[in-house]
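The chain below stands alone, shown as structure tokens; this is the form predicted on its own.
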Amino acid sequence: MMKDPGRLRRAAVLGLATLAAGMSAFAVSDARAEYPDRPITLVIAYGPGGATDISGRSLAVPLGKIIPQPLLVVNRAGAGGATGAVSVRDAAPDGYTMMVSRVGTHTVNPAMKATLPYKLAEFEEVGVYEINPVACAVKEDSDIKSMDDLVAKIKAAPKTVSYSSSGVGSLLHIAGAMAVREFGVENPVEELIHIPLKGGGAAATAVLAGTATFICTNSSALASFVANKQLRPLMVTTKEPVPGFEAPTAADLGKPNLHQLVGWSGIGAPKGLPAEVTEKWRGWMKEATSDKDFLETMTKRGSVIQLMSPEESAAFIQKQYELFTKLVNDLGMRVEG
């Protein structure tokens, strides 16, 4: 019997269409499995040389050996970290724009700024990986030898002593005020001169140049200056001594409230990051934070490397946010404009 040519053609076309659909589905699935298939941008929301920059670029070294595409680290400083954070918030949640989330961008800023152009709920945290203490320091040749000396100078001549920070709403901003308040300066907002700058590196340089009297920032941002005898630490906020910092701890000085002053770094992303991308980053971060050279480098800077899960990170960040909200309210430092 002769077969219908038209029927055969229709069957062939249907078969090709089915094959094409199957190949298309395979291609889509394969494309997803190939993340990343282009360079990834890692945003640092503060300037070069500060704690966030040091931490992010240090982590980027082992990450760069693990991630199968280039990792492009970029500084987008401004507005106390808000500029960089907003750029990530507005990016596609596809894993190609990530950020070094930081205590300033994710806890202090939201606690301090009533008109902050972003909300914590607009980000996802892949994992907090670093916790570091705060240290207060002055220029090495300063006549200020202790926190008591610093407070005495403030009380003797209010509005003449200054401290530098990486911007309004940064950890450095609140740390300087909180530290001297614990030592008896009742109204640090009125009695100190606050000098906001673009990044922790610039803030430390201001003390070196004599533009600012003192700084309170993460030990990682001060470690090289302290090691080179350029800055002298007056105190660290930890219970235990920090390697390389010959200074009393907050516990030594009887100031346990200052143990709450702690910095941290993590890897964050815009809300909506696919689960498979999060898992890729979790694996990369676990390997990178176990890197021997990375651990040695960060430990020398006084950092504690501790990789938290996304759930642990979210809970930790929320607790920090509530803590700093209370501190800001107590100090009257909330920025309304």
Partner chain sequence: MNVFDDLAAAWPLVANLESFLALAGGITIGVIAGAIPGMSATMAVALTLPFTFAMQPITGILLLLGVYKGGIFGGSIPAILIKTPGTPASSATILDGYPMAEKGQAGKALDMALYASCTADMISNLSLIMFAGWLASFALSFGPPEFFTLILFSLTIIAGVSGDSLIKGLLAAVFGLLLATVGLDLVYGTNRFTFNDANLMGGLNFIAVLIGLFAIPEILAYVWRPRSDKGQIRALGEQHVTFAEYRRCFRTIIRGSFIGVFLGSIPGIGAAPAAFLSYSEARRRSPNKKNFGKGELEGVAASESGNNGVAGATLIPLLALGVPGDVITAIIIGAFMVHGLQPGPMMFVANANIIYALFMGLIISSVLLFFIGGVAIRMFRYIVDVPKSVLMPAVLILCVFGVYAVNNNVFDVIVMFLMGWLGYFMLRNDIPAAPFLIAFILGPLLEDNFRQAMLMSNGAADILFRSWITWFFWGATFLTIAALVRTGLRQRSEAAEALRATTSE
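The structure presented is a predicted model; accordingly, all values stated were derived computationally and were not measured. Numbering follows the first chain given and starts at 1.
In what follows, reference is made to the form predicted together with its partner chain, a form of this protein that is not presented.
Between the options K113, K255, R232, K153, the residue in contact with its partner chain in the predicted bound form by a heavy atom within 4.5 angstroms is K113. Note on the partner interface in the predicted bound form: the residue among A79, A91, A251, I144 having a heavy atom within 4.5 angstroms of its partner chain is A79.
Although the partner is absent from the chain shown here, P196, L208 and T297 each have a heavy atom within 4.5 Å of its partner chain in the predicted bound form. Proximity of T105 to its partner chain in the predicted bound form: non-hydrogen atoms within 4.5 Å are absent; the residue sits far from the partner. Taking the partner from the other structure, its partner chain in the predicted bound form has a heavy atom within 4.5 Å of a heavy atom of P117. Among residues of the shown chain, F225 is one whose heavy atoms approach its partner chain to within 4.5 Å in the predicted bound form. The closest heavy atom approach of K159 to its partner chain in the predicted bound form falls within 4.5 Å.
The stretch among 261 to 269, 69 to 77, 119 to 127, 145 to 153 whose residues place heavy atoms within 4.5 Å of its partner chain in the predicted bound form is 69 to 77. Using a 4.5 Å cut-off on any heavy atom, none of the residues of 174 to 188 reaches its partner chain in the predicted bound form.
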